[in-house]
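Just one chain follows, in the form predicted on its own, and it is written as structure tokens.
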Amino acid sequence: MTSLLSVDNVTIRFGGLTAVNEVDLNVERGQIFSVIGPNGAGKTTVFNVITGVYEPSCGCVRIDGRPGARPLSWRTAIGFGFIALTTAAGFAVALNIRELWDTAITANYVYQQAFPWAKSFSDALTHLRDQPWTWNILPLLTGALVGLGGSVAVWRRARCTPDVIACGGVARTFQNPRLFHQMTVLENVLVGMDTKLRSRFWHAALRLPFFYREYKHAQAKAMELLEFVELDDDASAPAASLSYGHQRRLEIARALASEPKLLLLDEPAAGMNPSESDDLLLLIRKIRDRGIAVMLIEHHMDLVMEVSDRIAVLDYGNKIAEGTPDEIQADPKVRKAYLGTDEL
């Protein structure tokens, strides 16, 4: 059976620094998978690779057995051809600009008479046709190659960006909550639904019934998610007015609004008191019960050992262990990474 998420031999380098080195991870459906390790071990970098913030130096990330990237469509291929032709024409004109000006503009200009645009264009084409082939073919070929190569390079990077990954069913939270503080709690959750809404600006501008129906449905769904994270009483309050723990919950609700198959939580218990951490543990289990796999980065070891089905341990960008909570606690390499010794 294909894993929901497969991180295959992923390496990422920043200049001469290898932040993640040949890491393999597999997250199954309905699983709570934790990634732990000392500070600077590369945990958040792995999350950033999975969500398209960084492009791996080598290796690949697969979601449901497919690369988490936008496939090449016929519209994109037509766009490549158009850019190549436009660039080729631009190169040809640029290398003959002085001669074309004299032939097409200066020679056809007569004071106080209408300018003959059709004849000017015809003269320009004739001039280009009469040039030696090296003055026509080489600029056209060079321009086409530059245009095609540039557009392919841009598309290759843009096909695996965070918005594409989100549409593919992966959502995340961050170490520090990134909310729209001046917007209401409800509006923050509605923002997370953007990838699932079909309304466009002209639907709203023309006040079409479809827009109002979808907006009403989105509000109802947002309220259901706020009730799920126990924030429905604060729906109309500004996000900035929430406590830190509630801001964490709001960020989780916003991520769930995109209907993910996999939810990535980056240190969700950071800054929480013991009571809030216990509530978070229950919430993570409730998310898993909704059929959503959870991948977790956390330094709160009691929470990790209590909630995780499987744990991977990173140290200096390398995966040093993977297994069940009991296996991880018994692994001497893990104790050494955390404590500097393999003694209990």
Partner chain sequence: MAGGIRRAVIVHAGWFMLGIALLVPILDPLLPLEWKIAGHMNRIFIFAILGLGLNVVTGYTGLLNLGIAAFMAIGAYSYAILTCDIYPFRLGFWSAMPITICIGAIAGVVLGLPTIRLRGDYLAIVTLGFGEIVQDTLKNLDNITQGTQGINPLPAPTFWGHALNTQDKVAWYYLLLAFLALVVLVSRNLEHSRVGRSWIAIREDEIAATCMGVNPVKAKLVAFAMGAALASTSGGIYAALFSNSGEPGNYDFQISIIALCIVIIGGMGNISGVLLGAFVIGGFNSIVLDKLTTLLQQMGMVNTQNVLTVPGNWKYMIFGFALILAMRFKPEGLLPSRQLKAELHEAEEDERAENARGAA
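Remember, predicted model here, so these are calculated numbers, not experimental data. Positions refer to the first chain, counted from 1. We call the rigid core whatever largest set of C-alpha positions still superposes within 1.5 Å between the two forms.
A second form of this protein, the form predicted in complex with the partner chain, is not displayed here; the remarks below concern that form.
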inquiry  = With a cut-off of 4.5 Å between heavy atoms, is Ala107 one of the residues that contacts the partner chain in the model of the complex?
reply    = no
task = Tell me, yes or no, whether Tyr244 is in contact with the partner chain in the model of the complex, where a contact means a heavy atom of each within 4.5 Å.
result = no
query = Using 4.5 Å between non-hydrogen atoms, is Val146 touching the partner chain in the model of the complex?
reply = no
key: Contact of Ser73 with the partner chain in the model of the complex (heavy atom, 4.5 Å)   = no
request  = Tell me the stretch among 220-228, 96-104, 137-145, 73-81 that has any heavy atom within 4.5 angstroms of the partner chain in the model of the complex.
outcome  = 96-104
task = Let me know the one among Leu85, Ala270, Met183, Val152 whose heavy atoms come within 4.5 Å of the partner chain in the model of the complex, would you?
result = Met183
query = Ok, Ser122, Gln131, Gln175, Ser199: which has a heavy atom sitting within 4.5 Å of the partner chain in the model of the complex?
reply = Ser199
remark   = Those residues of 98-128 with a non-hydrogen atom no more than 4.5 Å from the partner chain in the model of the complex are Arg98, Trp101, Asp102, Ile105, Tyr109, Tyr111, Gln112, Gln113, Ala114, Phe115, Trp117
ask   = Against the rigid core, is the Cα displacement of Leu95 between the shown form and the other one at least 2 Å?
value = yes
message = Once the core is aligned, does Ala84 move its Cα by at least 2 Å between the shown form and the other one?
response = yes
ask   = Relative to the superposed rigid core, does the CA atom of Lys261 travel 2 Å or more between the shown form and the other one?
value = no
